[in-house]
Each structure stands twice: as C-alpha cells, then as structure tokens.
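Next comes just one chain, in structure tokens: the form predicted on its own.
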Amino acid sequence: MKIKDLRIHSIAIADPPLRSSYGLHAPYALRTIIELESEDGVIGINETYGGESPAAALRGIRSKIIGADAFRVTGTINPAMEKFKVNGLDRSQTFLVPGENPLDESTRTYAAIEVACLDLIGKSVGVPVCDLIGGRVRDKVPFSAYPFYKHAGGGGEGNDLREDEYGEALSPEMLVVQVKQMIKKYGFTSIKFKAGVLKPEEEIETVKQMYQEFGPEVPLRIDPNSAWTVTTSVKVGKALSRELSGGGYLEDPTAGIQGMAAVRKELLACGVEVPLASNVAVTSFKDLPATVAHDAVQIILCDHHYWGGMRQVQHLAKLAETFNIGLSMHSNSHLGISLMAMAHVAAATPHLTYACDTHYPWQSEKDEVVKGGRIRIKDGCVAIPEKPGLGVELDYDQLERGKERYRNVPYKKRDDEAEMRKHVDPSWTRVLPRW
C-alpha cells in the first residue's frame, strides 16, 4: 500500500491563561495535523506538537514518505531519524516546554508518522488501531481531572476571545470550585493538580481542601514541574502524606533523577511512602537504568509523542512492569485526534496503572477538527469506538479555520516565559528551584 501524499497542517487553538512553573499559557496553543494518503485514496491522520520547528522536521522527511509502503514506512524513516540524535546529552523536559526540546525532535517526528500510518492501515483493513498493535485489554480508558491555577479568560484574542468557562482560580477555594465543575461535566474519578505556581504552603492548602471536599476515594496527584528544592519537596511530601496516599503521587517535585532519588530516600526515612512520578526527569529509555538503580521514580508518565510512538510506549510499559514501576500518560494542550491516539495506545497497554492526564477540558468545541465535534468523556473515561483506525475523521472546514488562525496569530512556538513577562511580571524568568 503506497503512500502518495503527506500533508502537513499547522493550526492554532485557543488556550486559557493556565499557570505552571514554566510560566503562563499563551492565548493560543499550536498543533500540527498530518494526513497520509494512500494510492487507494484512504487517508490516515494524526495530531502532534505545533509551531514552526515540528512542522519543519516533518517537511524534512516528506520525500522519504512519498512512495513508501505504509506497512514499512516507519522502518524506512528510521535511518533519517538517526541524524537528529545527539548522544550523551540530556533529553529531560526540565528546562524546555514539551514540543520545544530539539533533542527529542527525532522521536516526535517518528511518532507523528507512526500514528498516522497506523490510522491509515487500520482504515484500509477495517481494524481499530489498538487491535493492530496487539489487541485491546480495555474498552474504555480512564483520565484524570487536570486543574490549574488560572487567570481570568478563556483564551483567544481580539474578535476571537473565548468564553471563560472556569473563571479565575488563584486560591485554594477557587481551585476546589474549578475541580467540582470539571468533575460534574466529565465524571472524573481522580485529580491531577498542576502546582509550582504559588508558595508551597498555599499549594499544600489547596490539596488539603481538595481532599476535604472529595474525600479519600478520589486520588489526588500534584505536579510542580521541578519548582522545589529537595528540602521543600520533602516538606510537601510529609505535609501531604495522607492526602497523596491511596492512588495519589507527587510528580517531579524537584529536578533530575538524583534530586528525585534524594527526595524518595528522605521521605522513606520519615515513614512517608507516597510514590514519585515523572514526565520531566524520565523521558527516554536511557533514563531507566539510573531511575531503577536509585529508586528515583515509582511511576513514569509517558507520552507517545516524545517517547517515539505507540509501540515504544508498549515497550516502556513492559520494562516498567518488570521493574515494578507504575505507568500513566502525560498530556499537553491538544484536540480530539491526540486524545484518541492516547486512548488507543492505553487500551492496548496492559500495564497502565494510573488514570491518564488530559488537557482536553481546557479546549473548546470551536477549535475541534474532528468530524462530529468533541470526543466524549463519560465517567472520566474515553471509550474506544468500533471504527477502523483511530476512529475519527477530519472536519476540513474546521481544519481550514485552524490554519487561518495559525496564519493570523503571532505565536509560532510555545513560550510561557514571554507570556508571564507580558501579562504578570515584566521581569519574570523561570528559576529552578524557585522554592
């Protein structure tokens, strides 16, 4: 089955002013939509990181894709990906926002093509992607609520301003209101809270108020994206030992595998067994030996984009199971194609021990490029449809609106620091550790 065309579409989608230790989200997030068309006229699609750099990397291998066999193309482009690899350098996401790290460009590019190929093949033979890559072990995939500290606004600019569905949330009380709203709408049964924004004492209080509101039956997770020292991380872990137990975790409280190992060691010495999770310190297979040797991370939050595709996630899952490490999935601002790709690989990965992250509640119907509108999240889960491929098709009118939006906005790469300086503090820079 020969591929006759690869089409690359850069789009922009409205994004609310969410906060993290990286800074402030811009009014628009960037995504890249790709189409692979076979000689038979079947089209496989995918969604990946946006902006100029990811699109340029895909354009750079286009000549190797055109004319290739869809069943073999990922093997064909493997040598092309080798030129992107920089051996011996840190691929950590500690200092670079996801999608802007040049050292994972090879895996991101490969993954984008792999998923589109799987969608193309699945649609050609009438089989869902999850069943192509080994068969589903679950028919629906659980996701967590993902609350953020947030300024007022719903994203967009000028005539494209969006409704502020969740409102401002810069205090513990406001965060609780935000989560209640999210759970009511989507039925989430666990909560992953983005921290590293306010003083640790305020973030501790936020988690405590969530625990008081939702009780121990709703697991709580907190992620400050490496904003704390080892000492502060231990302090927070001790203060929240009850609230983060029973299915919770402390994610990337401090930078690096050595830092995480030090936090783990000190918490255990204090009798606190809250597990540590990571999608910042551990981002590639080369990180695993040190992680295991130092007991630095007990849960890996993978991402099929920068881990190198769906099958690499499955390889990772088997290794994680072998070394008794839990597994979940990291998220970024995204639309329905990416959500369905996450759901398919999760459905075909037995060792998925925690609900996945998703930013999907923060995006709006107005930007969705999936035909038929937004993917449904019910009871906190995404169901795998009995449709071939990823189970979704492109709405080309919506795609064109996203492309026009991209052409008109000034944002061509993610830069949370610049947004902080523009809207919050002109002198703000990301400092690690901050507390």
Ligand code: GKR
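Note that the structure is predicted; figures quoted are calculated from it, not measured. Quick note: we count residues from 1 along the sequence shown, nothing fancier.
One more form of this protein should be noted, the form predicted together with the ligand, which is absent from this view; the next part is about it.
By the criterion of a heavy atom within 4.5 Å, residue 279 is counted among the residues contacting the ligand in the predicted complex.
Within 4.5 Å of any heavy atom of the ligand in the predicted complex lies no heavy atom of residue 237. The closest non-hydrogen atom of residue 334 lies beyond 4.5 Å of the ligand in the predicted complex. Among residues of the shown chain, residue 20 is one whose heavy atoms approach the ligand to within 4.5 Å in the predicted complex. This chain is displayed alone, yet in the predicted complex one of 148, 110, 360, 354 has a heavy atom within 4.5 Å of the ligand; that residue is 148. Exactly one listed residue, out of 330, 305, 221, 344, brings a non-hydrogen atom to within 4.5 Å of the ligand in the predicted complex: 330. From the list 213-221, 334-342, 121-129, 191-199, the contact stretch for the ligand in the predicted complex under a 4.5 Å heavy atom rule is 191-199.
Contacts between stretch 233-250 and the ligand, counted in the predicted complex as any heavy atom lying within 4.5 Å, involve no residue at all.
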